[in-house]
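Listed next as structure tokens is one chain, alone, in the form predicted on its own.
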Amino acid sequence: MKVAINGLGRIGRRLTRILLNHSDFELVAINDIMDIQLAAHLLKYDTTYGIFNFEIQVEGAHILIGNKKIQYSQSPEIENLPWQNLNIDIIVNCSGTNKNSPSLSKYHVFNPKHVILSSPSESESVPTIIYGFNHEAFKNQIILSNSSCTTYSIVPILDIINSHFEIEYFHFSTIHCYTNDQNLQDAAHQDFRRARNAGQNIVPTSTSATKVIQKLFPNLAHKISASSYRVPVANGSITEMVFTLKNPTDYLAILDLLREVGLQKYKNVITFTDAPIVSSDCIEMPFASVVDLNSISLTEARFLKIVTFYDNEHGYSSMLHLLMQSLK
């Protein structure tokens, strides 16, 4: 199947590397507003993930990666993309823009089988997908949202607990690396907190995951609260989930449940570790959620805490790849 990527930011570049390291898709086109020489350079050299093991060259309006020749364009508008004759099957929108249904519908001119948004959608009509949780229900939908990295870290765990226990209250805290939407020095920003130096501050902020999770779990919509913090690391994040269960349980039952369902329903989505890892240890792990078994606690048989690590770039992009595979 032929794939085009619109937006060569952190997720677009990570997905590009994943696709080129696998033979199940043919990447035929990339669009971004940056200069083609810079695009090729950033694909080759990455501070977080190191140097890409493919030779990368620029030839006219194409980027050559290994033996792959990929058309490159710099159109800020979907309707001006030069993709009409490429017979594209899947378009992945990683631009950080065009998040609503009218904008995403502009891709229909290229007649793709699917358009995947690599972030939550601004439109209720665009289904939110979490691979393993609900992807099978929307296989025939053209426009899909692959939600967010934080949502992916939570939903499988919440689904497992919610399916076996009655939850009275659920709170999650995401401790997330800084992103491009923050300043490296104190400077102008519409969000006063994101205006501050990302490398020297813990920055309280908002998360889109709350509304998405409320939508995916309507029975919990009024029982969920959240906190979000950006911290001075370039990659690797943590989510702490705290549950108040209506009925008492025991610690070993929780462990058995997580392992049993996790290794079946959520195979390739979540994994487990009993090593005393830190956030950098999860970098380039291809999972949405790495459950830290050492951090699971159960107090008075009803108050449960579960902590997961996740590579918010590679883990999320790996979920994009899994979703794409399921649509073939």
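Note that residue numbering follows the sequence shown and begins at 1. Keep in mind that what you see is a predicted model, and the values were worked out from it rather than measured.
Unshown form predicted together with a small molecule; subsequent notes refer to it.
Contact with the small molecule in the model of the complex, judged by any heavy atom within 4.5 Å, is made by just one of 125, 140, 180, 219: 180. Looking at residue 75, you'd find a heavy atom of it within 4.5 angstroms of the small molecule in the model of the complex. For the chain shown alone, residue 99 is a contact residue for the small molecule in the model of the complex, at least one non-hydrogen atom being within 4.5 angstroms. For residue 308, no non-hydrogen atom is located within 4.5 Å of the small molecule in the model of the complex, even though that partner is not displayed. In the model of the complex, the small molecule lies within 4.5 Å of some heavy atom of residue 32. Here the chain stands by itself, but in the model of the complex one stretch of 24-32, 54-62, 282-290, 255-263, 24-32, has heavy atoms within 4.5 Å of the small molecule.
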